[in-house]
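As C-alpha cells, one chain now follows by itself in the form predicted alone.
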C-alpha cells in the first residue's frame, strides 16, 4: 500500500499542475518499488486522455477531493493497461480511498465506479471509443493543430508521442570509440540506428555499462544531431547559451577542441552541467545568466541557442506536457525565443555561426521563427534547416543554422 500512496501523491500533484518528473523525483524513496511506481505513474499520464474520457462518461459529478479522482484514474489505468487481477485492483484502491479520506461514502463511491467499470467495460468502451480525445489520446486543441500543420503525418506524430521512450547513448569519443563501446554490450541489448546506440530495455542509469566512468551519456538521438548539422572549428570561442543539463555542451567538448562557455538562467540546473562535465572529465566556463539580456565581455565564433520551448517534441518522455501545455503558451515561448536570439546575435562575430534549436514540433517556434530571424537580424543568412518529427526511437527537434555575414571591407 505504501507504493500506492506514493503513486497517488504523484498523480494528485500532476493533476494539480506539477511537473511529472519533479513530482516523481521528490516522492520516491528507497522504501518504494521504484519500477512499479514509474510504470504506473508515467503510464497513466501517457494514457491520460483515454482514462479521462472513460471517467467522464461514468462520473457525472466528480467529488471535490482530487485524491479520490486520482484513485479513479489509477484504477482505470490498471484495469485497462496492466495485467494485475481486477479483484486485486478493486480491493487495494477501495482500501486506499478509505485510508486517505476516512470517509465511508467516498470509499463506497470508488468501489461503485471501479466495480462498475469491471462489470460493464465493453459497453463503456463502446460508448466512448468514437470520442476525439479517447480516439487520439491527445487534447483537442493539439489534435487540431497537428492535423493542420502535418496533415499527412499527424497520426504518426501522435502515435510516436504516446509510447514509452527508449534510452539513447552518446559515446564520449575522448575516452572510447563507438565500436569499442559496443563490445561491452550484449547483441540483443541494443539497436544501432543512424550510427547511434539505442538500449532495447530501460534500466537504471547507474547500471549502464561504463556510465559512471564517463564513457557514455544519455542523450536522445535527435539531440545528438548538433555536430552533424554544424560543428565549430578547433580553437573557436563557443557559447552554449541555454546549456542545462549539459548534453550539447558535453557533446561539443567530446568532439571539438574549443573554448566553451556554458550558460544557463537556472543556477540549480547549471549545477547539473557541472556534474556532467566532471563525470566526463571535460572543462568549460560556467555562467549563471539570462541569455535574453546577458551582454558578456567578448564575441563568439559559434553560439548554440537551444531555447526554452513547449517541448512538444518530447511528449513520450514528458507525457504531462499534453495535460499542462495550453495553446496560448506557444506565443509566450515565441516571444522569449526571439528575445534570446536577438540578444545573442550581438555576441556573434561576423563570419560566425548561430544554431537555433528547439525540441518543439510547432511551426511558430520553428520555421516561422527562422523566417523572423532572417527578416529582423542584420547580416544574416540561413545556412540550413532541419525539422525532425518524433519517431519510435527519437524525439522531435528543430535546427536552424544561421550565419553572420562579414562586412564587405573585412
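Note that the structure is a prediction, hence the values are computed from the model and not measured. Residue numbers count along the first chain shown, from 1.
There is also a form predicted in complex with a small molecule; it is not shown, and the following applies to it.
Stretch-level contact check against the small molecule in the predicted complex with heavy atoms at 4.5 Å: of 158 to 166, 295 to 303, 119 to 127, 264 to 272, the positive one is 264 to 272.
Though the small molecule is absent from this view, in the predicted complex it lies within 4.5 Å of a heavy atom of just one residue from 319, 232, 75, 246, which is 246. Of the listed positions (110, 241, 238, 253), a single one reaches within 4.5 angstroms of the small molecule by any non-hydrogen atom in the predicted complex, namely 241. Judged against the small molecule in the predicted complex with a 4.5 angstroms heavy atom cut-off, the residues 355, 385 and 402 are out of contact without exception. When contacts are judged by a 4.5 Å heavy atom cut-off, residue 290 counts as touching the small molecule in the predicted complex. Residue contact with the small molecule in the predicted complex: residue 142 places no heavy atom within 4.5 Å of it.
Interface membership of residue 260, defined by any non-hydrogen atom within 4.5 Å of the small molecule in the predicted complex, is ruled out. Although the partner is absent here, residue 93 lies well away from the small molecule in the predicted complex, with no heavy atom inside 4.5 Å.
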